[in-house]
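Only one chain is included here, represented as structure tokens and corresponding to the form predicted on its own.
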């Protein structure tokens, strides 16, 4: 397990239970994790039960079992998924079970596998996952994602280091980004959440109809959904629990209008997607839809993603992150969206977060669509921010208000 600081790992587990998922007395907890994250899962279970959990149920994935499928399974295997499992998860969420996911797999695990099979398996899994995904994107229950310093992931990030040293280095990067290095991580997150709250409240007060990104390779106008609401940091789920869905998190985000995105945009960091690195993405939007897409690396996979369904070419999220965020300052590329999206402003193709609307809760699919929210089986974030990006907000009366200058919030 390398030289992972056990005291900090325990703090991360406690933080994930108390501040991340904010587990309630008597509430059940469902955990998904890679098999080598068992030490962290055990610590989470300990803190969950100490916090009064009803039942903690872990589900594990395993990289060797995943690879065995691609090496030995019949061709028909790649068009099926465990729909029964995701239906069960959806039922659990309907019964107020909290959800925690632990990231930590090798981000390039499937890089040498047949991309056609990877694409088919992803599509089948996305369809099957719908009952669980909808409860999460609608924010029906309190949920949280944290990270485990998986050995294969560590070696991807630090290929020149010995295995133990690489895992130690990744663990320290995770602890830093998750604010576990603070003497009191819970208090540190309370302060951080207040900062994010001030930013989102300012944006909600301004109620911009559109935001404009401009910089090298980017001139993009993102119309915002009708009655959109900016969120970020600690937020209240539909079940009334205030939680931090992502640890780490440096973003404030909202729902774009699926039909009102115009211009072109270039990625500023590589996107690691299902074992493929997609780099130097450049896309053109017309009337909200991507009409042209290029990448210097992974272009074939990018185009397959865009063919996932009708909503895959449209935006489901736009997020603002200062270039001076701790993850950006680390200078590390994590090959993991949980971290890399918090290093830069980003957009997401696909499904919108239906909670990002003012007023009413539990909006129907048609009500979300009427407001401009996008629907898709995918939700894939990629980074478009840097120290050279300016962002302006366009008010309903035509006023233009600076939001970012050279990658930083305008005071």
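Positions refer to the first chain, counted from 1. Just so you know, these numbers come straight off a predicted model, no measurement behind them.
Beyond what is shown, the protein has a form predicted together with a further copy of the same chain; the following relates to that form.
Taking 263, 115, 88, 322 one by one, only a single residue has any non-hydrogen atom within 4.5 Å of a further copy of the same chain in the model of the complex, and it is 88. Only one of 302, 141, 92, 338 lies close to a further copy of the same chain in the model of the complex, with a heavy atom inside 4.5 Å, and it is 92. Although the partner is absent here, residue 73 sits close enough that one of its heavy atoms falls within 4.5 Å of a further copy of the same chain in the model of the complex. Shown alone here, residue 96 lies farther than 4.5 Å from a further copy of the same chain in the model of the complex, counting heavy atoms only. Taking non-hydrogen atoms only, residue 355 never approaches a further copy of the same chain to within 4.5 angstroms in the model of the complex. Heavy atoms of residue 362 never reach within 4.5 Å of a further copy of the same chain in the model of the complex, leaving it off the interface. Although the partner is absent from the chain shown here, 50, 54 and 69 each have a heavy atom within 4.5 Å of a further copy of the same chain in the model of the complex. Residues within 4.5 angstroms of a further copy of the same chain in the model of the complex, judged by any non-hydrogen atom, belong to 75-83 and to none of the other stretches in 274-282, 291-299, 75-83, 175-183. Annotation for 30-54: interface residues with a further copy of the same chain in the model of the complex are 30, 35, 38, 41, 42, 45, 46, 49, 50, 53, 54 [heavy atom within 4.5 Å].
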